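Listed next as structure tokens is one chain, alone, in the form predicted on its own.
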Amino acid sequence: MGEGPATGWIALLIADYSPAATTRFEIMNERATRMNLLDLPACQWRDAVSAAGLDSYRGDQLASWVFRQGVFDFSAMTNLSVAMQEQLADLLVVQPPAITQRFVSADHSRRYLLQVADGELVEAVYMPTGSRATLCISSQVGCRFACTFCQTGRLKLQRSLSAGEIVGQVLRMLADVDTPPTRTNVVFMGQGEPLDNAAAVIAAVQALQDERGPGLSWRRITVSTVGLVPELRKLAALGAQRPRLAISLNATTDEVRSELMPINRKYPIATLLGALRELTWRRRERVTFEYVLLGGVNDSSDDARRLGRLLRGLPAKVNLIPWNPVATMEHQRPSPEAIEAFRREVLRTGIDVLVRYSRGADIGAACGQLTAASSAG
């Protein structure tokens, strides 16, 4: 390819974006495919549009259409001339994942089956509460970590998503609802382990906070992880941009946690909690510990007391998640009485704790149930 706008565009991507995005661009370039602008934060769209041969301020116009009005088609952006629309479309595209199916729960949650550009399927969940909403998004197609209580791990890892494919889930869901929420929270709790795709997830977190883009506060973004300690430190390096953290703990001894979550054999509980104690916590910030309650496995009063001792000294809160049944798994959900007894015992240790009953169970959208299934439940 000779000198001109496309060459400038290649230089921009190589210089300014993550290795994952550069690799994706090189693959797409070999196929003469247009670059997805969502793989860049909105603050870089001025440069991208300039590299495509238009005045840089057009990048802000594009961002306004995409992030404020949910319009992804250049031809529908009426403050651009037809010639400009065609010039942009020759090199660029705004391509969030496409909705192939949506399932609506009795509690008004929505599970989306989304298709990315290469045909792979991922899931995202929209959970409204009054005028607000929480959006649960995926970071990978499948997952490599094989936690025994989670159906997604049985899919194994197919591939990681790009930053644009991650951010695009948020945009697609917001564009699909009749009335946008007054406040949006985004949780990385869908398919995949976010920190197994750290470069793209970090880029997506930064893009979601971009004031020219979604403009979400760090307080509105939560990244959940099984506890990849080196990648936790990479996330911590974001400083003021670091999102909230949720740690999938699920056991109080290494023996049980290693059985439930094989990653514990590499990063045992003491190592994981030690890394968390090294972090600088912001005023009023707390780290959430997710604890899936499995009947007869991790729900004893001894477990509850150990949990309190383990978390002492951390700005911790605990979300108890009664296991959501999956037909192919043999775990049992504890009785309501056992759940309440466990909660009370943790509370006695001085740790804030609540029971979080997952939404969307009737459409296969609850925690641990995501399988990229094309049918509900």
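Residue numbers run from 1 along the displayed sequence. Computed from a prediction, not measured in an experiment: that's the story for all the values here.
Heads up, the form predicted in complex with a small molecule isn't pictured, but that's what we're talking about next.
Contact check at 4.5 Å (heavy atoms) against the small molecule in the predicted complex: all three of C150, P194 and W323 pass. Comparing 109-117, 287-295, 230-238, 212-220 against the small molecule in the predicted complex, the single stretch with non-hydrogen atoms within 4.5 angstroms of it is 287-295. Not displayed here, the small molecule is kept clear of T134 by more than 4.5 Å at the level of heavy atoms in the predicted complex. By the criterion of a heavy atom within 4.5 Å, V226 is counted among the residues contacting the small molecule in the predicted complex.
The small molecule is not shown here, but in the predicted complex it comes within 4.5 Å of a heavy atom of F188.
Although the partner is absent from this view, S248 contacts the small molecule in the predicted complex, with a non-hydrogen atom inside 4.5 angstroms.
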